[in-house]
Ligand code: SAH
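Here you get one chain, nothing else, as structure tokens; it is the form predicted on its own.
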Amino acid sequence: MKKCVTFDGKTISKNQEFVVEIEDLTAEGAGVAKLDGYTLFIKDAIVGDKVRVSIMKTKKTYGYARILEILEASPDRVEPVCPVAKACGGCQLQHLSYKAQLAYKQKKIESCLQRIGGFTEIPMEPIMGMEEPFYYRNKAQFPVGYDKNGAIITGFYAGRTHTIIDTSHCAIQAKENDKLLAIVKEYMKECHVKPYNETSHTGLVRHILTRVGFKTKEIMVCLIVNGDRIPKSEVLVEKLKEIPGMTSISINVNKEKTNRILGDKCITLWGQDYIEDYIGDIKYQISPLSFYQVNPVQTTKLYQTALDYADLKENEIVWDLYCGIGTISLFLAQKAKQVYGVEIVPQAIEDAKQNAKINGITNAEFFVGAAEEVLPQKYKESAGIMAADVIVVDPPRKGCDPALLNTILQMNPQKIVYVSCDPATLARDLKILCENGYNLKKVRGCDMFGNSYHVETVCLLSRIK
């Protein structure tokens, strides 16, 4: 990494100090300033700030700097609720007012659609914000380790590191977690259970996973461990089951030397191997391995918007691709003639089938496999006559595979509802679909992750007649 760079005749070097004004935010929420045309990225800065910074790293046309002093604070700057918000990697925008966070996320979606998708007229509806942008997460995964004094700590990783920021309270997680973490640490200390050391691959407890049903108030605690058992598990069970709502206590076995958090095997120590909760009127069973949206209040808004955009009729057939445990599929099945869901994770499909059963939904069928393989194969087997009135996609951050997009275009559905967690890959995929027979009719953002830079988007595409 260069310690200095010459840009437009001006030398910019590491540790050099400048006063700059923040003009924009990056997709990851960092401040952007210009230094005679040279771009600086500055963590924890927001639009409207005037700051004195020190250069950290330099590249040919851009560099990174850190704030030394805020000379003039932006009117959108607020005091973070969490004392470790700056160090922790979980919240990037706690210092930005919530109104400004929503405006930033709306602009982020529009900018990607314009810059990457090439759209000039965007049918953008107002972003769906949260009534309470704190204590909204129903799931947490806390890494476990030691501090410098040898005490057991839990918390979250600092941004882009595996250094644990010790915290007994998180302002975006369910409040029940404070007590749950205290009990697990108490058990570990009392029974001499060691945290996992990822460098030496020794120790036992890697992470503590918790889930809280926001409607049912059911609670799950799962210890991810570097072994097949935990010592004196009855001690942990006796402590945890005193918590009101405790429903499931388990361990998850992960003996691999990997950054992957969860292993494939779960062992129930007490209670059920799942909890139940609702999105709207649909009940879901959620195991430690289940993918389930972490913000049930906003998820209801997101899925209801997807359902409204689909505007289903009773005789219509829907394919739901990347369906997970059937969350969107079961919403759609309330209005459609038939829904087919596809998901690559076998356990998720088993959960989807069980969720359909407990809700009395008989018009939903689920297939295991990669969507980009299953849909083309099913279409080929049908000799090109397989029908879909509406196709819903909710892909991972990387977006849709080209083979999947090609098959969707061949199937020629009347409508496509695209749910996205990444505006950049959304824009890329919409460009392909709209260059091949579709119009972008509606776009709406949904803030699922308050105080972070992440945003969900739901779009409606209609086939050009």
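Residue indices: 1-based, along the sequence shown. This is a predicted model, so every value here is computed, not measured.
One more form of this protein, predicted together with ligand SAH, exists but is not displayed; see below.
- Just one listed stretch, out of 128 to 136, 176 to 184, 370 to 378, 208 to 216, contacts ligand SAH in the model of the complex at the 4.5 Å heavy atom level, and that stretch is 370 to 378.
- Against ligand SAH in the model of the complex, the set 303, 322 and 394 is in full contact: each member has a heavy atom within 4.5 Å.
- With the partner omitted here, the residue from 240, 344, 282, 294 that has a non-hydrogen atom within 4.5 angstroms of ligand SAH in the model of the complex is 344.
- The listed set 221, 352, 339, 328 contains one residue whose heavy atoms approach ligand SAH in the model of the complex to within 4.5 Å, identified as 328.
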